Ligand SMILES: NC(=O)c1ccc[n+]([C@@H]2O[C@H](COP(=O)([O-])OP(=O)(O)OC[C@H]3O[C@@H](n4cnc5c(N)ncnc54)[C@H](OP(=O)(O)O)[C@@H]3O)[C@@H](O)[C@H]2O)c1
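First comes one chain, alone, set out as structure tokens in the form predicted alone.
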């Protein structure tokens, strides 16, 4: 069923992180031409690209600060200039900026977290949508978080709120895109084993994992496989949905 992705042009944001890297490799293995977006980690992005080129895959790197709309527009233009069109956009980039308790969270921390997790994905989708509309086809996949369900942790309420906003935007974008052959969905990731948790200061994972019915942390590949499913012909009749990949959490 994934043969339909062969030759598709796929832009993946936040591609140097654990989940993003897994998506890059999986889509490339299925024959997609992959855009590797990064903000600061140029070395990791170029290493990914070289590894794919060595396997005969097609990939290119693109740098952008996704909190800046001007850079978002340049990113999509550069991707289309390199690949000719955009078939799939995966809004994977995200994170908690200024992880602090509610009583100490600053306006700047709130705004920066919303800019990365909600504003950025929306304006990326906006740039992709009018191009996909001309093609009469396209897929947009937004990566959300279980934080949207639980309202974040004691130090990430603003992150949970931003991801909830992203899920709401997903539904609105899906309604707009449906008449034009564009599917828009979100993947709500649970506790996924990535460096994200170390950055958040979570040292003991055991207590958190005990709360997961399947009794294990998710892996980046679990998220990548769901993105692959939604981007392929298997996802032809799915739009406006938020699909949870969280082991029952």
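Note that the structure is a prediction, hence the values are computed from the model and not measured. Residue numbers count along the first chain shown, from 1.
Although not depicted, the form predicted in complex with this ligand is the subject of the following passage.
The stretch in contact with this ligand in the predicted bound form, judged by heavy atoms within 4.5 Å, is 144-152, chosen from 126-134, 144-152, 79-87, 100-108. Between this ligand and the residues 61, 64, 182, 48, the one pair within 4.5 Å by heavy atoms in the predicted bound form involves 64. Not displayed here, this ligand is kept clear of residue 158 by more than 4.5 Å at the level of heavy atoms in the predicted bound form. Not displayed here, this ligand is approached by residue 194 to within 4.5 Å at the level of heavy atoms in the predicted bound form. Looking at residue 15, you'd find a heavy atom of it within 4.5 angstroms of this ligand in the predicted bound form. Although the partner is absent from this view, residue 55 stays clear of this ligand in the predicted bound form, with no non-hydrogen atom inside 4.5 angstroms. Along 110-137, residues 116, 117 each place a heavy atom within 4.5 Å of this ligand in the predicted bound form.
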